[in-house]
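Next comes just one chain, in structure tokens: the form predicted on its own.
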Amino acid sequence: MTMSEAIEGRAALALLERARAVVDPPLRTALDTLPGPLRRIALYHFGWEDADGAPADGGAGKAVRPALVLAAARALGGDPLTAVPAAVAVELAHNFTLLHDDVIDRDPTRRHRPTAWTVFGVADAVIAGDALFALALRILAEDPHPASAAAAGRLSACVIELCGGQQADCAFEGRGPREVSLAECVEMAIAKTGALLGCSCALGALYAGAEPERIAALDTFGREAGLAFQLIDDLIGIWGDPARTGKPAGADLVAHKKSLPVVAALRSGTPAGAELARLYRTPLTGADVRRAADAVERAGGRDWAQLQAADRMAGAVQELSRAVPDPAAAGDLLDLAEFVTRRSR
């Protein structure tokens, strides 16, 4: 890491810490309005309570999406404090998706402790997720800001798109190793990950009273950065350090996930791609996981994903310059986007 990258990383961390400090109090107030059993699940999921209801010091996540809302509002000349309800809403919507994703993927851990569904059961985790999204919409509906209605509509449309991406991701699992195209996989990733990051930026722009062209450019900025984020996340899903990720090494390979680097390898037409396809037709454990990861790399999936992440990030920067021509005003958004795409592989 260069000195400039370290400085940018510290700047982004400071932005995330400020966003967490601003968003957490109204977020906790909102969660306290949930019925008791749902509140308990939500507080556990956010890391603020243990399974028995005792206070906990677990982290509630990085707050990337709320930070994007606040940074977008500030970049376009708005008061970020007026956009806090929108920031809380996107954080609730994001965690709604996490609760559901953990159930769908049968993930045993999140943020270095058991997932909500493993503690409270599938039904309660799903219902708690539903309640978080309903709470997000209620917060926007009750916000007197003139942009709140448009924000609620945009967030709802985003979640519908996100659900479409999740459905596609699930459908991929029932298709053969070579039956999913890269174009389909990219479209799915944009819907699952990029859409909410783009929506976060757009909500901040809405609350700043920005013109439609700038709102659209910031939405695209978030989507492109989101795809770069997903590409890196997929790499971490194969080669990430369990001590940092909280998940077993090669977890995506064990689950036979058709992630972006995996599909790139499967569609490469190389002997390593054919080997990976054979491995993906059988359960993977131990040495087989390591062989599959090696096959992805030899087939070019790792290099392709890294290059694509860089290209998508360049596209995001171009869109950001359209929305916010002043580099100083755009600095916070750029720091946040670069932070999430420079995580350890």
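As the structure is a computational prediction, the values presented were derived from the model and not from experiment. Throughout, we count residues from 1 along the sequence that is shown.
The next section is about a form of this same protein that is not shown, the form predicted in complex with a further copy of the same chain.
Although the partner is absent here, Val159 is a contact residue: one of its heavy atoms lies within 4.5 angstroms of a further copy of the same chain in the predicted complex. In the predicted complex, none of the heavy atoms of Trp239 sits within 4.5 Å of a heavy atom of a further copy of the same chain. The shortest heavy atom separation between Gly58 and a further copy of the same chain in the predicted complex exceeds 4.5 Å. Contact check for Ser268: every heavy atom lies farther than 4.5 Å from a further copy of the same chain in the predicted complex. The single contact residue among Arg74, Arg110, Arg214, His100, judged by any heavy atom lying within 4.5 Å of a further copy of the same chain in the predicted complex, is His100.
The listed set Glu173, Glu179, Asp130, Asp79 contains one residue whose heavy atoms approach a further copy of the same chain in the predicted complex to within 4.5 Å, identified as Asp130. Contact with a further copy of the same chain in the predicted complex, judged as any non-hydrogen atom within 4.5 angstroms, is confined among 27-35, 309-317, 66-74, 279-287 to 27-35. Within 4.5 Å of a further copy of the same chain in the predicted complex, a heavy atom is found for not a single one of Asp233, Leu253 and Ala272. Within 4.5 angstroms of a further copy of the same chain in the predicted complex, the stretch 144-167 places a non-hydrogen atom from each of Ala149, Ala152, Gly153, Ser156, Ala157, Val159, Ile160, Cys163, Gly164, Gln166, Gln167, taken in sequence order.
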